[in-house]
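You are given structure tokens for the same protein chain in two forms, set apart as structure 1 and structure 2.
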Structure 1
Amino acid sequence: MIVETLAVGTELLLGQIANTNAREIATRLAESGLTHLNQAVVGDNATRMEAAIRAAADRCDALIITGGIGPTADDITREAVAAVAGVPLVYDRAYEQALRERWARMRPDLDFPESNLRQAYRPDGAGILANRKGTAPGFHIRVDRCWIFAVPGVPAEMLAMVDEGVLPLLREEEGGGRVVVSRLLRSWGMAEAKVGEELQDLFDASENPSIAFLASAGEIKIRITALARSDEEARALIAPVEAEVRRRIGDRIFGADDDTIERVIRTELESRGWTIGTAESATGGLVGRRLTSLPGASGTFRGSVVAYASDLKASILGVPAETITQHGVVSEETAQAMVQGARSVLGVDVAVAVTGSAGPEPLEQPVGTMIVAVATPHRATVNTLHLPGDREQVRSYAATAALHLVRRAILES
């Protein structure tokens, strides 16, 4: 079943509020195994609303419209749907009575606003979707092959109505429903284009399971998604594709699903009884922040020295003045001295140090030159990286690279 969503409201187009409803509905459709073809937003204009509804109804099996069914003059979703369906609006006197009684219970101190009665109208032939969190009822009506659902724009009201009214009907139409299962493989150390080349034939042939690539701060995620009648059936479809991806990408895959690099590092440290600390210059504490992002980080993380100024590199980390004078702040020699100083000052088993030229103006080296040193109880390594992007991108990529170089150093130890 192909589903589309249409959000109604000029305030959405003006950016005055965020369209969080689209995200919530999309998540629920995916979990239900329903194909979500398109999302759209339209303002409070009858002609444009009718055109958007008609176009969607011609393409899909179900259209979920959010917003425009309240009591004010700009709430015209009822009229637009009725026009597309070619039916008049009908007035529900039973709902009018229910509205008046609800108002009397909840707001006995105030007169009933007669404008609320706009909510008692609906397209002729439409079924009601009960609203247990508000006053505006939703409705559903079939237009040729497409079910059209109209639900409130208020998130709490919308979610309850989608969960309790819309999705059960769609699952019934689908014949019991299907599930969508995704497996996310996390990789680092290979460019997105290279990953794409290695997996091109799998991508071209992928339909169910399908393959997608997601790039984020230097990591490349490979998502394998299967649609099936059960979790077990979906995972059985994913398994051989995952095995082939792992064979081709090799040890550049460092984790899957929730195995972030921070989580992987902590697991490796815990298994050895090791602790870690950082010495940072250009990244300004980003590496330490990521290492402490997980609850329970104090079990392995001891601390961080952010020595941005050269004199602090010397006075706190013990970097020899002649090292900075001879080789510069942005040098492998300085990074090596920083990491050894961090191991000593922080009393840790593993230390990582970062120095570099993040920009926008070059510092001793071209912008994007970032140097990462890692020291373990068994060895020390240093890597000079040349990273793309603006200042914040360089810093972000450097922090990611530093974490992955820590993982490699631990495993090699």
Structure 2
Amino acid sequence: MIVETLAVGTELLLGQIANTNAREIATRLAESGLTHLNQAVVGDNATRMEAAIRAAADRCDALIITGGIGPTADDITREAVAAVAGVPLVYDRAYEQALRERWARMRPDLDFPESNLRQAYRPDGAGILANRKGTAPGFHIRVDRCWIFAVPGVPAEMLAMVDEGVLPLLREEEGGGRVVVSRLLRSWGMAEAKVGEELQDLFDASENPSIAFLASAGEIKIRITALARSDEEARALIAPVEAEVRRRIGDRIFGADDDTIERVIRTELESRGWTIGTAESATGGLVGRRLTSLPGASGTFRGSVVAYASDLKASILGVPAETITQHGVVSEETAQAMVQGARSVLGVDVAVAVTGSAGPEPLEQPVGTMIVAVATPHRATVNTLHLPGDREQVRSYAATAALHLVRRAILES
């Protein structure tokens, strides 16, 4: 089944925002074993949108359009698809009702903007795709041999709709009862090139199951994808390859599938009845934010102290003034004092402290020098990291590293 994607938005052609949706959808199509042959971007212009949609519809079996289905006047995907399909727009009173009720529930403080009702129109004959994360409904309609799907441009809304609405329909269309099963192995602590080297021969040999790598903020994901007639058959294809990958990468693999590092840490803490907290400087609260990103975080996470000003490192965390004067704020000694202070002031079993020089101006140490200290009831560790990139990258890599060093310290306790 041949799929194309079309992103709508003049802001994309002006370079004001990046088309991150394109890669997200491309990855999902690949994981689903669907062939993605063309990707395009067109502005908020009826003539050019209709031309792009018509050209794609002549070439492919399914076209996924992102963007242009919101409430404002420049959202014209509905009109363009209707024109290509040669059908009128119809008004959905039931959807208007749902919209008004949702608004009353979510925004009791704001008047309902009548222009929201643009979202109750859809091409005659189109099926609705529910929007779990927003107000703009998606839709799908057949034009000759091509299924056209319209989904929102807002990434969170788009992703939910593609995962829950579009891909299931496409897999069904794909038919043949063929299933695609993917196994995601998550690793940290190796360069992507190194992972590539260690798995090169498997990668070269990989046909079915296929192997792909994806690097993100210091973590490397290894995706093993099998196509088969049944779930069992697909898993049987994946199992030996996964075993070999695990044999080579070893304990640098910290989780599989949905086991994010946040989830893994929570599980390890829960199994020990431990709580956690953070003491942060350069990361400004990012580590705490990540530890609280999961539902039910309060079961293990108690709190954070972000002591950005050095006197707060002393007044709240009890870091001895002489430690800072002797060794500086970006030092292993200060990080160790911060983590011990966090354990007592936050009353936690496990604490992690991060201090460093995130840039752009160096602070005591070269930009990218980040120090992570971890303390558990049984051991204390400290690591000095040298991280690449700009301020935001350094902070994000440091937060990821801090979480992985917490996991290691817990496992070694």
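Heads up, when I say rigid core I mean the largest set of C-alphas that superpose within 1.5 Å between the two forms. By convention here, residues take numbers in order along the sequence of structure 1, the first being 1. Fair warning: this is a prediction, and the values are worked out from it, not measured in the lab.
Matching each structure to its source, the form predicted in complex with another copy of the chain turns out to be structure 2. Superposition on the rigid core between structure 1 and structure 2 places the CA atom of Thr35 2 Å or more away from its counterpart. Once both forms are overlaid on the rigid core, the distance between the two CA positions of Arg93 between structure 1 and structure 2 is 2 angstroms or more.
Relative to the superposed core, Ala26 undergoes a Cα shift of 2 Å or more between structure 1 and structure 2. Core superposition places the C-alpha of Val143 14.0 Å apart between structure 1 and structure 2. On a core-based overlay, Leu14 has a Cα shift of 6.7 Å between structure 1 and structure 2.
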